[in-house]
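One chain comes next, on its own, written out as structure tokens in the form predicted alone.
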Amino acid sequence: MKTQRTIEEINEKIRRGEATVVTAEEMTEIVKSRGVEVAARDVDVVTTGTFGAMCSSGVFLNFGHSDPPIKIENLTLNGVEAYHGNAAVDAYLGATKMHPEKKFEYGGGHVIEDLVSGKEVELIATAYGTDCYPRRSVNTTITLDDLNQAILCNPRNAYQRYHAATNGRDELIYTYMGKLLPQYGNATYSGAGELNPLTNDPDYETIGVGTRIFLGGGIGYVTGSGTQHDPGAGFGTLMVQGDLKKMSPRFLRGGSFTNYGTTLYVGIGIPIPILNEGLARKTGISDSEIKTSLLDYGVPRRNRPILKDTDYAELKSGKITLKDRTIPVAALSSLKLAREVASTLKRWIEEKRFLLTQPQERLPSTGSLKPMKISRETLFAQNIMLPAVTCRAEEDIDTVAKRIVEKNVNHVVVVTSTGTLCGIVTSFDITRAVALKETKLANVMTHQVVTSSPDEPVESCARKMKKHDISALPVIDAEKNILGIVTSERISTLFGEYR
């Protein structure tokens, strides 16, 4: 006989202390060893958990009225700007807003952690003054206890799964997926795999508007689908909120990604009531069944190249095979704390401290993510590159100097006999060689060349030139064949025309 039960029936078992509660990892083992039918019959609730960087997070704060009162126009908390476009003394502090003098080190996520930790936070506010709110400035310190309300309200959390990331460029890059070494030197991923909440209820049978959850060490609620909710591709998200005053700094931590920005690490756990065999089967999913793709984040485009398909079992092993190479893989989220979230939620239910809720509305299980509408053309390296003037490393200095004059260029790309890149030489390099009576081109050319791909945005090319203090980028294909060259002069000219 097939198992069928309701949330209220499960809650009644929780009240009596008779409910069988297991974590998602434990459920995977139960389904594997005893089968779906037995798991559905014996298990009442499966607890899930994830703990990772959730950039789309923040907190609504109400400071109360000063005397005389103020209608805040500009506001910082520990030097981090908060959004003031609410009522007089309401504000929203976003996790990724950075301190102007401590960029990549301290931001909104750290302020939230400081508040939850009971620390004093400096509040500086200014205003334009009105008849009913005459005060023009406030400089004070506050703690979480001083606030009327502090509501953690996160527009997008708990991604169902994530792409893994690596980097095919010849240089180190910094991303929201962490530091990625050149030439596929490492890979990173995020998410707790078989512990992840939406992985265990991918059709949103039990997770919906009003679902009670573990949030940041306290109790929160799902308020809807999150921004960028993309269930059609298996990338569902949640919008959640809860009382910051009842949360813990163990499960809410400010974080930083070097040369990218700040964030907030959030612990989220959701109970999945086993209402039927279908849910037992879904919560029995294993890491090897959770598929994702490894993307090349060295390509700065929305649709990055897929290098291979993988799964969470391979990612969690700490290494991944790519192009006959084995490269190390690191997690950006904490599996240890994800397990602690699931175990804590399990304990709360067993201690009758946490009852399940019936969703008031199911989340959409269809739909896809639309890209941003762009009304002006975006320029890429292939749109602005010039034909590259080339030479061979064995050519003499005088020959290359004459070519620079004849072609009226400042850069000559050095290529092999097959036309692949091996260096670059500038007019300054040639001038210096002549002054020093150097005759060998190989002794003056740059061997480690910073390059561009044809589909790299012009903004990225300009940023790369500034970073390396250079004035040109050879444009190459995947085999390092020369396609052209992008120069700073070309970018300056075109951007003037573009504007």
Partner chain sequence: MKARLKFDKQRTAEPIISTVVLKTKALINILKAEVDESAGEVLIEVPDDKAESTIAAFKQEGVAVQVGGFIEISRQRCIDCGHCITLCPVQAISAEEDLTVKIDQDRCINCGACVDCCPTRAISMLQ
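If you're wondering where the values come from, they're calculated on a predicted model, not measured in any experiment. Numbering follows the first chain given and starts at 1.
Below, we refer to the form predicted together with its partner chain, which is not included among the displayed structures.
In the model of the complex, its partner chain sits within 4.5 Å of a heavy atom belonging to residue 339. When contacts are judged by a 4.5 Å heavy atom cut-off, residue 328 counts as touching its partner chain in the model of the complex.
Taking non-hydrogen atoms only, residue 332 approaches its partner chain to within 4.5 angstroms in the model of the complex. When its partner chain is considered in the model of the complex, residue 170 lies well away from it, no heavy atom lying within 4.5 Å. Residues of just one listed stretch (391-399, 123-131, 203-211, 257-265) have heavy atoms within 4.5 Å of its partner chain in the model of the complex: 257-265. A heavy atom within 4.5 Å of its partner chain in the model of the complex is found for one listed residue only; from 311, 113, 146, 90, this is 113. Residue-level contacts in the model of the complex: of 243, 105, 73, 289, one residue has a heavy atom within 4.5 Å of its partner chain, and it is 105. Interface residues of 59-78, taken as those with a heavy atom within 4.5 Å of its partner chain in the model of the complex (partner not displayed), are absent.
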